[in-house]
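Given as structure tokens, the chain that follows is alone and in the form predicted on its own.
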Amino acid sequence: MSVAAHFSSDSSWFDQFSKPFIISGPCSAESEEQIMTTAVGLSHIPEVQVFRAGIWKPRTRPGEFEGLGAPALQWMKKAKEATGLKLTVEVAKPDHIEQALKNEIDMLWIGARTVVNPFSVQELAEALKGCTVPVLIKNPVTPDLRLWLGAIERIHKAGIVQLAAIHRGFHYFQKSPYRNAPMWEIPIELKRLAPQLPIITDISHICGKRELLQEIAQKAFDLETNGLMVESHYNPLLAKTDAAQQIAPEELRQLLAKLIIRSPSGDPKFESQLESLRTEIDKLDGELLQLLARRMEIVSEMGQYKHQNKITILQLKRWRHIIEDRMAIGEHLGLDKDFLLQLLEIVHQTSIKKQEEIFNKRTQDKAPETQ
């Protein structure tokens, strides 16, 4: 059964929280003083409702700070008693779940490195059977929506109905100003497939640098995210992990004060005007699709002609001309350069694939029958 088919009412647990919903706290639990001081600072920010800290840290290389483990859960428990904030920690093994729940952790999250491995997710799903705790599932480090959906489905099949997804960006080979490329199209598609599933944006892991947090936080809310996860440390310069992306509680207060929280809908007059514009877009999309279909018909004719005359599919000189000519026209029309280049490359790749299919089919048709 698909995720979309059975998430119609599973988000009701999330309605208890005021909006915007903010999870914040240090990347890792380092000392009782650090946990208590940070939690108290965050407790004075009304939007912050859940306190987070890394207890077990899956580091890339051995020798890096890997967290203090179960003893730090006692500090989390004291922070909860002192501030009233709910608690969440990352779990990567069944033993982590057991220890976290024993120490009154209110929510669990499954990290990106764990979500990559279905075997690990299944082990956690088995350990969660019979629990009623909310579980937040980060996207895998790779841009793979099916893998993310698979992890959500595994946890749901274990009987966990209080679920949310965390968008923390993706490792990607292209150069990016961010630590993890946001690739917004992936969480948007997840929202389409499972519209009732809350999605929380981990702006800290997307940005990697505190200077970018405001921009990404605003964009996340503009794209209808349900909340933010933000790493906060009472003194980020002293942080043992991910110091560059953490901010002090007061900085978080300032960041949240600058955010514009927009409504997904408006008054009837606004909706009427919006519907008119949407109708125009629908019409233009139809024209675009007809043009693309006609273009592919001509591509097919070209493929047949090239095959008949033993001409290569790729004409590099022609492709260079197309890029230069179409980019110049598009930029003159005000189209974004990166968008235009991606569009041209997709159309070109599809055209090559279509001609390859023609070449392969004609070659097979002419192949002599074997006896």
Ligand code: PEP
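Only a predicted model underlies this, so the values are computations on that prediction, with no experimental measurement involved. Counting begins at 1, following the sequence as shown.
Here the subject shifts to the form predicted in complex with phosphoenolpyruvate (PEP), a form of this protein not shown in this document.
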Phosphoenolpyruvate (PEP) in the predicted complex: within 4.5 Å of a heavy atom of each of 27, 52 and 57? yes
Only hit among 209, 77, 113, 171 for heavy atom within 4.5 Å of phosphoenolpyruvate (PEP) in the predicted complex is 113
Want to guess which of 105-113, 190-198, 214-222, 256-264 is within 4.5 Å of phosphoenolpyruvate (PEP) in the predicted complex, heavy atoms only? 105-113
Might residue 205 be said to contact phosphoenolpyruvate (PEP) in the predicted complex, defining contact as any heavy atom within 4.5 Å? yes
Is residue 233 one of the residues lying within 4.5 Å of phosphoenolpyruvate (PEP) in the predicted complex, judged by heavy atom distances? no
Contacts with phosphoenolpyruvate (PEP) in the predicted complex, stretch 78-104 (heavy atom within 4.5 Å): 90
